[in-house]
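This document opens with one chain alone, in structure tokens, the form predicted alone.
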């Protein structure tokens, strides 16, 4: 999540309904058009025509982490709200306070909102800003991983557990020791080992952890070191109980096709945030957002630790400043879950999640996707 933001106009629509959705109890809702937070009768600014409609419109959602558990699709998104926090360069107005879990039986099927799965008030160490989450299943339990600032305004990653994929989830009393920054993504390999990838620069604070300790003074947060290797995302092996790290936090190296590290000035290719890992034909695909250039890019490696070699773009820029995704195989086809801000008329902190099919080329590279009709 997010920082150096650009904004355009547009009127916030139906605030009351959105607030009531945010404050609702954990009840399941089958989403339909009547629940929309916006009305078609209200004139909207001219925006590109999307290739896909939002999966839900009764609330704003973003950063979709999609998984298939027991043959059913579950999506773990951020829950965007209008909290009236003034916007700033580090995304202070992304002041989300809870998580909902969505599910559907198949792509294109009805979507069910299972209500509040975890609220910030039920996380003992949390201060503010519940950003992009992820989920995993192991040991007969479901795990929800989430970044949130502690009471000193430092991002860490927490974990909560449930007997159900839809929650409610009960948070552990403290964050994962050794965790920091944002955007956790947990990948479980075919050998049963699980890894957490995480990190986001600028508002995500990753640049403040260059020596493994938090720099509260900001003296080490310069992001304009264009000729040096770009700041790396992080990875750590998870413990068997999925509640802690079982090994040291390591850098994830992203290389150019010549085998050299991507540089900080290479904004079209270097990592910014939104890690995701999936496996295809025996190779590991590390995908991520380039942030200020707004691409979802990817690199391929032979190990879950990398290094990964940059291959190209998965998703071209979308309406709204942020770009965040997940990739999952469903019934033999691959899908990209993503978000944009078309529905809120380009209010970048009020997004809706979408899904589209992802296709591979014969050489196992990915065909780039444009989210809008040309």
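Numbering follows the first chain given and starts at 1. What you are looking at is a predicted structure, and each value in this text was computed from that prediction instead of being measured.
Here the subject shifts to the form predicted together with ligand FUB, a form of this protein not shown in this document.
- Contact check for 94, 322 and 339: all three have a heavy atom within 4.5 Å of ligand FUB in the predicted bound form.
- Segments offered: 231 to 239, 280 to 288, 111 to 119, 178 to 186. Contacting ligand FUB in the predicted bound form at heavy atom distances within 4.5 Å is 178 to 186.
- In the predicted bound form, ligand FUB lies within 4.5 Å of some heavy atom of residue 274.
- Although the partner is absent here, residue 132 lies within 4.5 Å of ligand FUB in the predicted bound form, judged by heavy atoms.
- In the predicted bound form, the residues of 58 to 95 lying within 4.5 Å of ligand FUB by at least one heavy atom are, in order, 63, 78, 94.
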